[in-house]
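Here you get one chain, nothing else, as structure tokens; it is the form predicted on its own.
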Amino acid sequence: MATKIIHGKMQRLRVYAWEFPVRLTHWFNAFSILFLSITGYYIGDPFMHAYSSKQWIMGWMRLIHFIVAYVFLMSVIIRMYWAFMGNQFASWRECFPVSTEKRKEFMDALKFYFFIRKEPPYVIGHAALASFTYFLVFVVFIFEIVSGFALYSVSHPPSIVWTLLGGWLLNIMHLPTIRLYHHFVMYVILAFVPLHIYATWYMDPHEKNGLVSSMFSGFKFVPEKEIEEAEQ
């Protein structure tokens, strides 16, 4: 869906790039990572201590961690589902730079971030580099979910549900190893967050199409001329 608008002397198309499920899961994932990281760090290394039997600090931290873990799980499932049911900008096909055009787009974006190229590659959705990066991030998300439920399954009676959610990982790794990797990958995700924020704010003034606001509204404002050039 695109609406033509006039911005100064330039005609722009108001393109509905990010559908509601994409935006919803993006923010669910963001807040889930925040709460899971804080509570997960506390569970691994408590930095507050109870001085009374009425203070249930660890209990609350674990409860919040488990509840948000379910929210995170559902958010990732919805986003994966929408990769097959959503529009072209949400499609799983965007994640893999297999075509010649996508490989060129991938390299152009890489050159831009390394300050070799002055302008980013023009795309309405995510560039090939960003799409592939987000695919890797979702792989990391899935590992955190599986390893987290593997740890959680130990405190529950054996069942097919807990086995499917992550209990099967106990047949591959020892419990302390799973806990170590689960904790380590949290830092990998936290290291990605400032890079993601920096890249977004760095791209926004270069693309000049409402990149940041599009994650709230879903709309990008794309010069009609650039769309015509991209379609040639």
Partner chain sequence: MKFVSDDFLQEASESMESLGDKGISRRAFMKFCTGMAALLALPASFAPKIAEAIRGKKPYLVWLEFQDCAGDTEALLRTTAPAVGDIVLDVFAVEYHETIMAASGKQAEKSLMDIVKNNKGNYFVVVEGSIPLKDDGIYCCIGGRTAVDIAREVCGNAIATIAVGTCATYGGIPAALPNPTGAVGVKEAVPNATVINLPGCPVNAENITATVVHYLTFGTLPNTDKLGRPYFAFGKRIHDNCERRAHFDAGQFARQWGDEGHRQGWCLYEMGCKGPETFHNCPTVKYNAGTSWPVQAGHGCIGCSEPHFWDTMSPFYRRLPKVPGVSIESTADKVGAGLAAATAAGLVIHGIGRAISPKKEE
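Residue numbers count along the first chain shown, from 1. As the structure is a prediction and not an experimental result, all values here were calculated from the model.
From this point on, the text means the form predicted together with its partner chain, which you will not see here.
Colleague: Of these, 110 to 118, 89 to 97, 74 to 82, 137 to 145, which stretch puts a heavy atom within 4.5 angstroms of its partner chain in the model of the complex?
Modeller: The contacting stretch here is 110 to 118.
Colleague: Please determine whether residue 195 contacts its partner chain in the model of the complex, using a 4.5 Å cut-off between heavy atoms.
Modeller: So residue 195 counts as contacting its partner chain.
Colleague: Does residue 27 make contact with its partner chain in the model of the complex, using a 4.5 Å heavy atom cut-off?
Modeller: Residue 27: no, not in contact with its partner chain in the model of the complex.
Colleague: Heavy atoms within 4.5 Å of its partner chain in the model of the complex: does residue 67 have any?
Modeller: Contact check for residue 67: no, nothing within 4.5 Å of its partner chain in the model of the complex.
Colleague: When the contact criterion is heavy atoms within 4.5 Å, does residue 164 count as touching its partner chain in the model of the complex?
Modeller: No, residue 164 sits far enough from its partner chain in the model of the complex that none of its heavy atoms falls within 4.5 Å.
Colleague: If you apply a 4.5 angstroms heavy atom cut-off, which residues in 31 to 61 are near its partner chain in the model of the complex?
Modeller: 41, 42, 43, 44, 45, 46, 48, 49, 50, 51, 52, 53, 55, 56, 57, 58, 59 sit within 4.5 Å of the partner.
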